[in-house]
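In structure tokens, one chain follows: the form predicted alone.
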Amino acid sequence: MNSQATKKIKTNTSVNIWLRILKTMFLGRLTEERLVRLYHQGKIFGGVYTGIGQEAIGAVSAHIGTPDDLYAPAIRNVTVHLGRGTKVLDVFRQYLGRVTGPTRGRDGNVHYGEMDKGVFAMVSHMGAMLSVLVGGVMARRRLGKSTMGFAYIGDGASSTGDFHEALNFASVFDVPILFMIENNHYAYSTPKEFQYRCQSLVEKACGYGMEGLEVDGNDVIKLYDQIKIILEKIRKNNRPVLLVCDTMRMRGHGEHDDASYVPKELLLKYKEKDPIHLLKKHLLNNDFACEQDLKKLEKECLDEINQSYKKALSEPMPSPDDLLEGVYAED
């Protein structure tokens, strides 16, 4: 790296956050690629639903929040967990059903969270987490905290009753939440043209009297800048905002689904818009990092992945002896 590049790194404060976001996306991508392999080896308890291709939304929003903020991730938001501080090891423990994991081996899927990091455990019913988040943010603010919320939902789930109730309630009672629709064009196998008649999902914001915006969900720089501006408004006005993020899931709904219904040209289009590729290109083109730096970072992430899943595999499964612990309140 030349002296000019070194100077840019020292003077451009945004570079550090972009490198942290890139690391979170690397960890998310590599973790899910390993989970896919473990799933096909029959070692995963439950399904695997990846966010490969749409890591930027979770990574950017996780790094831009404060310690008091609350997050309600959906099935593809492993970068939310990792960005808020969940260890890669604990992600593998969860999916491998180990007693050392977040749910002590009682679940081997996406239903995990860490409230000390402000991350709710997910409910499977699409949209159900939105109301939970609205209530959580209201409760914390009544305790005098400056909490705001980050909600994630797919384009298909924006048609559910839970979505309507949560956004309407948040708007009526001025609950400061950023509702993010991750528009990946398919509700399982149903394409967006068979889901809604509005020209854009951002039009849904009007019905709730809140501001609605759109952004390229794969461009980390644009996404970061847009969310930063939105959060300043939310914290100042205590009003919810709807942000529609255009993205694409690059695998099926889950690993049981081959996504044969998705046109190949659509996947090729979004392959060129891979968020990791775009951020790496930005860092290199602006001399904020060199190729060697990025390869080193990716290798460090891969080493962490390999160490973590092997350790998780070596750890014990839960015992039936303590199955009832934590189920009923004790005297």
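Note that residue numbering follows the sequence shown and begins at 1. As the structure is a computational prediction, the values presented were derived from the model and not from experiment.
Unshown form predicted in complex with a small molecule; subsequent notes refer to it.
The small molecule is not drawn, but in the model of the complex it has no heavy atom within 4.5 Å of Gly101. At a distance threshold of 4.5 angstroms between non-hydrogen atoms, Tyr188 is in contact with the small molecule in the model of the complex. Contact annotation for Asn218: none of its heavy atoms lies within 4.5 Å of the small molecule in the model of the complex. The small molecule in the model of the complex is approached by Arg76, whose closest heavy atom lies within 4.5 angstroms of it.
Residues within 4.5 angstroms of the small molecule in the model of the complex, judged by any non-hydrogen atom, belong to 124 to 132 and to none of the other stretches in 229 to 237, 124 to 132, 172 to 180, 87 to 95. The partner is absent here, but in the model of the complex a heavy atom of Ala157, alone among Met250, Met138, Ala205, Ala157, sits within 4.5 Å of the small molecule.
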